[in-house]
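Quick heads-up: it's one chain on its own, the form predicted on its own, in structure tokens.
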Amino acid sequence: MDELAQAVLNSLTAGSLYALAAVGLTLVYGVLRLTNFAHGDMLTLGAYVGYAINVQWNLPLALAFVAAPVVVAAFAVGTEYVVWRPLRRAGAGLLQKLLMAIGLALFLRYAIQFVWGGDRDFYEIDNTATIAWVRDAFDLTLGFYDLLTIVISLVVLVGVALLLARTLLGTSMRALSDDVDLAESSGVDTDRTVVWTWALSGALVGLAGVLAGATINVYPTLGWDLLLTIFACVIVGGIGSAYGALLGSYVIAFSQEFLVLVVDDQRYKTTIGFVIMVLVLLVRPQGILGSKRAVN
């Protein structure tokens, strides 16, 4: 029972981290029908912004939880103006956009490696610190930064849900996901909505990057290593669905952590995510919460 309870805590931590990144990824797809392969490397950028603040500049890590989302959001918006908007206006097809996303991912990854090097680095924090009352009352281990990941993700994702459901921006994003031409004829500012979508996606994955750096470590392929699992979360939940990405993240996380109880080998974690993805798609090809509407 102790092992099961510990697996639940580990799953909540991993699922919360996946969810932040997965929701950002699925929002971009829902609004733009763009599979952003640079999303993982944007997560890495967020992790290294936290590293620069905490280690290189010797400032409190708390500042990174504000700075990283801002920096990565600015990068994401910059790519909209420099790369994606010109491609859309030029009538680029799916293949061209896919190759551009891969190229952008490689550019960002090697730029990060050029600036910070290729070694694994660590924040100057005590990431072995645990929550005492959890240890004393239940004989379980819950790290301070694991709890922080769960709490921050919960608060932020509730905020995203409210934004999508109750704000003009959320209504505009959902309108674009349904029908671009109809949204424009209804008075939706398409360009503005797209820019804010990129900003929101970048902020979410930038925040996920800092949390990943605090709970794992920092290295140039951090985001790439997580990206395949994040894609699995999005597809399992229903690509384009923010709520689906959230659900898919916890489905994948729980599957991975409970697999470790049976097969004591961390290498199979990514594999089980794709096994779950295939099983879900065989039963429900659009994903668990997938629907005609791309953002919901």
Partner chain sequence: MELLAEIGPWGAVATVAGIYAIFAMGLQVQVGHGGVDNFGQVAFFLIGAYASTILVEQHGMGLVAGTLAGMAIAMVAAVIVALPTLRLRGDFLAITTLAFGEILRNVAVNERGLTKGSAGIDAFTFRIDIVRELRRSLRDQDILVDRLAPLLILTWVLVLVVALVTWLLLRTPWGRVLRAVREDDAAVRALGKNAFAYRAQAMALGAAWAALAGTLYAWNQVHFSPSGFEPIVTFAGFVIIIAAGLGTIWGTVLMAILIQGVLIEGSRYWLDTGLPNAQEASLRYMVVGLALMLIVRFRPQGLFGSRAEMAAADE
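Numbering follows the first chain given and starts at 1. Computed from a predicted structure; not experimentally measured. Note that the rigid core is defined as the largest set of C-alphas that superpose within 1.5 Å between two forms.
One more form of this protein exists, namely the form predicted in complex with its partner chain; it is left out here, but the text below deals with it.
- At the 4.5 Å threshold, heavy atoms of V70 stay clear of its partner chain in the predicted bound form, well away from it.
- Its partner chain is not drawn, but in the predicted bound form it has no heavy atom within 4.5 Å of F122.
- In the predicted bound form, its partner chain lies within 4.5 Å of some heavy atom of W224.
- Heavy atoms of V31 never reach within 4.5 Å of its partner chain in the predicted bound form, leaving it off the interface.
- Just one of L200, L104, L157, V194 comes within 4.5 Å of its partner chain in the predicted bound form, counting any heavy atom, and that one is L104.
- Partner proximity in the predicted bound form, defined as non-hydrogen atoms within 4.5 angstroms of its partner chain, places exactly one of 203-211, 134-142, 92-100, 147-155 at the interface: 92-100.
- Put the two forms on the same core and the Cα of V280 is off by 2 Å or more between the shown form and the other one.
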